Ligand code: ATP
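Only one chain is included here, represented as structure tokens and corresponding to the form predicted alone.
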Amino acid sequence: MQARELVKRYGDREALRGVSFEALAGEQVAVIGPNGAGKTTLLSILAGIVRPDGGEVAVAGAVGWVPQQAALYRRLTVGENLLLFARLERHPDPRASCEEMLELTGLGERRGEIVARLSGGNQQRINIAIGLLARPAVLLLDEPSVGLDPRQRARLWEFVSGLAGGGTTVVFSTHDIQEAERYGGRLLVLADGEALFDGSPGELREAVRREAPEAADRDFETAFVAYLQHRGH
């Protein structure tokens, strides 16, 4: 996936200003930055939901989109949700696609359970399963671990990392800097619609040492905040 010079305006406000980056097959890219940085706008453009005012996106294959708010019908069962979305995707064999996703996400034993009765972690797994119905080359996740407890979060990332290990490109946004450091092989730092940094967590540490040496030996979140401050954000 490649994004080139993406621009998005809402009235007089520029939500994105010439953002470019590339994500390779099997990479896990974390998009981080303060509130209003443009993270959700970027992912929405990559997903094809929002049209940019400038720039372009190139993707070799389908894109799966998992929004922060679970796109589920809570009164239906797990299986009924997957079957419905498989039909909406116009799969030639919706039932086979449903079975494939139940097996892939480990939800087979819960196929008959009403979604509203499931934990937040299992609902998020269904949400991701729906995003995977298109068999995407790229999976986009907007704040996927919000509201999950530590055990649910660990299971979620084990699953997502397994997808990346199988060659799926994963791009996710998060406010949790430790989560970004742990699960993002690359970090894309946005602030006020601009891309300030694109590289590994280790390379961001080096950037902090250069620009904010007083914070270089602190925890990653503190160092990141100091980096933003030195960049004027």
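Don't overthink the numbering: it's just position in the shown sequence, from 1. Because the structure is a prediction, the values reported are computed rather than measured.
Only in words, not in the display: the form predicted in complex with the ligand, which the text now covers.
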Exercise. Three residues, G64, N127 and R135; all within 4.5 Å of the ligand in the predicted bound form via heavy atoms?
Worked result: no
Exercise. Going by a heavy atom distance of 4.5 Å, is A37 a contact of the ligand in the predicted bound form?
Worked result: yes
Exercise. Could you tell me if A223 has a non-hydrogen atom within 4.5 Å of the ligand in the predicted bound form?
Worked result: no
Exercise. E100 near the ligand in the predicted bound form, any heavy atom under 4.5 Å?
Worked result: no
Problem set entry | Partner contact for E143 in the predicted bound form: the ligand, 4.5 angstroms, heavy atom | yes
Seminar exercise, completed: The stretch from 160-168, 54-62, 204-212, 27-35 that lies within 4.5 Å of the ligand in the predicted bound form, judged by heavy atoms, is 27-35
Exercise. In sequence order, which positions of 1-30 have a non-hydrogen atom within 4.5 Å of the ligand in the predicted bound form?
Worked result: Y10, R13, A15
